[in-house]
Ligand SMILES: Cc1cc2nc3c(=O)[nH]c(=O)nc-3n(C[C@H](O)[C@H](O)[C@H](O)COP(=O)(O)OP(=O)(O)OC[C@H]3O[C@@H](n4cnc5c(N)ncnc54)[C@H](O)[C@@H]3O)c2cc1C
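One chain is shown next in structure tokens, namely the form predicted alone.
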């Protein structure tokens, strides 16, 4: 079949093994201790802790549980923080900058402990991550940062010069790169399904597909209105992230949903996979609109993702753009067939770091900026401990002021296509300078 034939499925590759399905209908409770809006990673992690502490908890999701980003992402356990160390210091001060970076290490360790201790069958593989450098100048700065990261946090992090690059990735596109050994990969849909199983087994009541339409103060608690009726709750936690709607207008003005798209190749020959991804590592790069990619858990396909500036429907051109990016990295794949192309929403904010904050008594855990595999379970768990009144277990460097509101924004990211085009232009210019 010619590679240009649009025969791929417009659904996540991950759904082949673990498609999100609504739970069996359950009566809506009249009152609960805690109502959680959103049943992705953050909502389920919070619900698990709260239910085990003896609280009555209902989690509402407008879709099937996990149908949003939790089963659409790349499954890379990066816990990335987008601003570099110098930017964090400038914005938040030295102490918080160091605490944010240190918490990434703690959050990744927490995720691995959660997977092991709960027996979550999600194909977790602690293989490390290679990050490619666009040009020798970028390689030099990345190498210095890798050395500084190893010294600051004790993370196994090191530079890979251009001459040794093929031992990590079978491409000549980069001019060297860096490796971090504290990052791995998992099957995101299986991870969600397993977390859902454990949380429901602990007593979490998942109501889906049930959309929350309003959250209002009522006496000492809240009235949570939904498409299935009203529930009284003593406490409310909102974990909607890139799928935040009008039920949480304050949060919606602070989070921008950005489409992130992924493609999956057909199964590739073992020899080719061994040459292109010899260590089966997770992959990334240091462009504004850099790709993230990886082998499938069984090591037989390549899955690649990047930003998608489309805003409606499911047009063909974003898939074609990702395919062109894949071929630029791996020219041997010029005739490969794609089997899947899909998108989901990540939530960006003006600070570009995750956040846990309270507003009018409602707690919010959101703004994971494309790294929710690590940050969503971590902050969902911190949020649960905060609701339980356990200050020590709830402590996090991300618990401070809400992200600033975005001027003239009420939930429709009209500015994103132009912004992505600007980033794309910057990347082209940077690549041109690097290739001189």
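Positions refer to the first chain, counted from 1. Predicted model only: the values in this text are computed from it and were never measured.
Not on display, but discussed next: the form predicted in complex with the named molecule.
- Using a 4.5 Å cutoff between non-hydrogen atoms, residue 243 counts as a contact of the named molecule in the model of the complex.
- Within 4.5 Å of any heavy atom of the named molecule in the model of the complex lies no heavy atom of residue 56.
- Proximity of residue 88 to the named molecule in the model of the complex: non-hydrogen atoms within 4.5 Å are absent; the residue sits far from the partner.
- Taking the partner from the other structure, the named molecule in the model of the complex has no heavy atom within 4.5 Å of any heavy atom of residue 34.
- Contact annotation: of the candidates 247, 155, 336, 146, the single residue with a non-hydrogen atom within 4.5 angstroms of the named molecule in the model of the complex is 247.
- Out of the listed residues 72, 355, 180, 108, 72 is the one that sits within 4.5 Å of the named molecule in the model of the complex by at least one heavy atom.
- Of the stretches 116-124, 96-104, 163-171, 232-240, only 232-240 has residues with a heavy atom within 4.5 Å of the named molecule in the model of the complex.
- Contacts between 39-53 and the named molecule, taken as any heavy atom within 4.5 Å in the model of the complex, involve 39, 40, 41, 42, 43.
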